[in-house]
Each structure stands twice: as C-alpha cells, then as structure tokens.
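This document starts with one chain, in the form predicted on its own, laid out as structure tokens.
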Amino acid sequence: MFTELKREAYEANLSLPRHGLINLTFGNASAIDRAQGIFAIKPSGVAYAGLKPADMVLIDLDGKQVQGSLRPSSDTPTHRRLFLAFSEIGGVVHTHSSHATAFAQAGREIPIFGTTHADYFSGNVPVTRKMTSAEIGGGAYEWETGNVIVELFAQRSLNPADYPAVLVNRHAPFTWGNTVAKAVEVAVATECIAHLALMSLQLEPELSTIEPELLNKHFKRKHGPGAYYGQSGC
C-alpha cells in the first residue's frame, strides 16, 4: 500500500545529494497523498546511499505514524505543519544547501536581482523572524519551526505558489511544490539564485533589485493563466 507515494519520496530524497544540496544526512523530502491524508518522508539519520523505497515512513496529518519501522525525520512536524497550512502543495523539501543557508543564517532574504530568480519567485525569497527561546525549548521545536513559516506568509499575505521557498532564520531553506519533484526543482533553483545573489553583491554591493516589469514578465510567462513557457499540457 502507498507504494507509489513511497517511491516518489524516495526518488526525491535521492536526488538531493545528486544535485549537491545535501551534506551527510542534512535534509529530507516528503510527498503527500491528499486524498488519503498521508505523507511519506525520509527516516531520521539514515544515509542516502543505503536508503530504500521501503524505508520511507508514512505519517498522517494528525502526526500519527501509520507505516514504517524506522523513526521518521526529526523535521516531520515542520513538513506536517506546511501540508496543513498550504493545502495546494504536494511535496516539501528541506536542505542545508550552502549558499541559501548562508542567507538564512544571516537572517537575510535572498534579493531578486535578475531573471533567473524571477523565473521561480515573484519577489525576494523571504526569511522568517528568529524563533523565541520558548519556541526553541518548549518541546515542540520542529512544529514551531513550521509555525514561524506559516506566520510569515499570513502576516505578509504571501501566496505559497508565488513564493515556493522560505529561509528559516538561523536555520536553512524549506521549499515546496505541487509535487515533491517540483519541490526538489525549487530547492535547486533556490540554491542557484542564492549563489548568484552573493556573487552579484560582491561585484556590486549597492546593486538594486530587478525592475518590476522585468520581474513580472519572467514570472508570469511561467506561472498563472497567461503562462506560455514550455509545451502545452506539460
């Protein structure tokens, strides 16, 4: 049961080190079956080289482990919080990719300087506030991590489809998409644009963000009802 869901999560997790987004066992990916209210996620601390589809752990949206003998990722509550808050997403990815994590550790958004960034995001990649001592030490740290993400999107009225990634202050990026494969793609893009932003700032420390008309052109040609990038039906 849930063989395909576990396979999707497995393939997504294996793709993270393949794309250079993972060191050691830092990071995880999850895929959800919305009809069943079940998501599959990587087991905690298991090396990617030894991972198998059968190792994926199944969790329901109440947080109950419904299948799998291994303990799920320690970040499971964060994934669950995002699945509950953002009903349109089908997968979540968490990495500690170097350049995006550098922005997160600095508590800085990734500024939108060019069209590479605008192909995926309708603005800067946002960063959360710092978590409080109570949130960190209160016994539900990973759930509270999800809460600060959801709080940010609610306070700023951000659409998760327009901003499919977030930097958790002092921590690292989370990304999402309508499928877990798309969430992986966004994770790759987030690391790429973070690297480009850092290099751009080295070249021009006072660089301004992209012009609104160029941002809108590149974002809307890939997203929304007027999108025309790619092939029809793909």
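The first residue of the shown sequence is 1; numbering continues from there. If you're wondering where the values come from, they're calculated on a predicted model, not measured in any experiment.
The same protein also has a form predicted in complex with another copy of the chain, omitted here; what follows describes it.
S.K.: Picking from 84-92, 152-160, 121-129, 71-79, which part of the chain touches another copy of the chain in the model of the complex when contact means heavy atoms within 4.5 Å?
M.R.: Result of the contact check: 71-79.
S.K.: Please tell me whether the candidate spot formed by 103, 106 and 116 is one where all three residues come within 4.5 Å of another copy of the chain in the model of the complex (heavy atoms).
M.R.: The answer is yes; 103, 106 and 116 each reach another copy of the chain.
S.K.: So which of 61, 201, 66, 54 reaches within 4.5 angstroms of another copy of the chain in the model of the complex, heavy atom to heavy atom?
M.R.: Flagged contact: 201.
S.K.: Just checking whether residue 16 would be counted as a contact of another copy of the chain in the model of the complex - the rule being heavy atoms within 4.5 angstroms.
M.R.: Residue-level check for residue 16: no, no contact with another copy of the chain.
S.K.: Although another copy of the chain is absent from this view, report whether residue 223 comes within 4.5 Å of it in the model of the complex, heavy atoms only.
M.R.: It does not: once another copy of the chain is placed as it appears in the model of the complex, residue 223 has no heavy atom within 4.5 Å of it.
S.K.: Applying a 4.5 Å heavy atom distance criterion, does residue 177 contact another copy of the chain in the model of the complex?
M.R.: Outside the cut-off, so no.
S.K.: Give a yes or no for residue 50: in the model of the complex, does one of its heavy atoms lie within 4.5 Å of a heavy atom belonging to another copy of the chain?
M.R.: Residue 50: no, not in contact with another copy of the chain in the model of the complex.
S.K.: Along 171-208, which positions have a non-hydrogen atom within 4.5 Å of another copy of the chain in the model of the complex?
M.R.: Those in contact are 171, 185, 188, 189, 192, 195, 196, 197, 198, 199, 200, 201, 202, 203, 204, 207, 208.
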